[in-house]
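Heads up, the chain below is alone and in the form predicted on its own; it's given as structure tokens.
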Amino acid sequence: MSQLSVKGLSYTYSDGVPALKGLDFQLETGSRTALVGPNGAGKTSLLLAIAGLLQTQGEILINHAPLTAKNADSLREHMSFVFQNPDEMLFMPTVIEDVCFGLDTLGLDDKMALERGQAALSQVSLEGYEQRSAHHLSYGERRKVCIATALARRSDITLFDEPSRELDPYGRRNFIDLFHKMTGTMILATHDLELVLETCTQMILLDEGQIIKMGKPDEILGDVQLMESHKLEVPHSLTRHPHSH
């Protein structure tokens, strides 16, 4: 069962520069996929397109239902998006209100939503932060609140844009542990190639809005020539066992 199917997906920026050029791929239910590529490759545009937040050409099917302007809201109820910048996600007076925001649309009453929100905060080690304002938290803590909002939703599909950015080593390890505990289909866009090796079972190498290669992370990331030709470096953990071609 493919949970997400993309056919001929294209997107052009308002200034006429193409961001995505005819992408085709399918992701199975429960898969863990990394989007990797240099700056400007189209990683964030692809995440935004999957979330129904861009006017694209081509077709996106989520659980076999085509994503359209009309049904984007209802399909988004099965999705969570953790933005690169936490301040784009956090706008409620308190942390718990941020984490529980939108849970009513999933059919949860206030008590169930609160229980889910508190459980999610304890999963990211922010117990006792419920009544604090996100604006008074550190950047790393705000990122954790964003991850908690995704955890509380228990979505079929969760999209992460640069999830390890500006996390300290402990916060990054904490994220990896959480990622392995989460259920559903995961897609993450990242420059952190060691994170890809630790979290994902497949990856899509993007460059200039096109899919260069899709496959197992260690095989793609270990290909020195391929990586260098797309302005990337082989991760240190793979240089010990290089895939020489």
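The structure presented is a predicted model; accordingly, all values stated were derived computationally and were not measured. For every residue, the number given is its place in the sequence shown, counted from 1.
Below, we turn to the form predicted in complex with a further copy of the same chain, even though it does not appear here.
- Listed stretches are 60-68, 189-197, 210-218, 23-31; the contact stretch with a further copy of the same chain in the model of the complex is 189-197, by a heavy atom cutoff of 4.5 Å.
- Among heavy atoms of E115, none comes within 4.5 Å of a further copy of the same chain in the model of the complex.
- The closest heavy atom approach of K111 to a further copy of the same chain in the model of the complex falls outside 4.5 Å.
- Interface residue remark: Q123 is not counted as part of the site for a further copy of the same chain in the model of the complex, having no heavy atom within 4.5 Å.
- Mapping the unseen interface onto this chain, T183 falls outside it, with no heavy atom inside 4.5 Å of a further copy of the same chain in the model of the complex.
- In the model of the complex, the residues of 19-42 lying within 4.5 Å of a further copy of the same chain by at least one heavy atom are, in order, P38, N39, G40.
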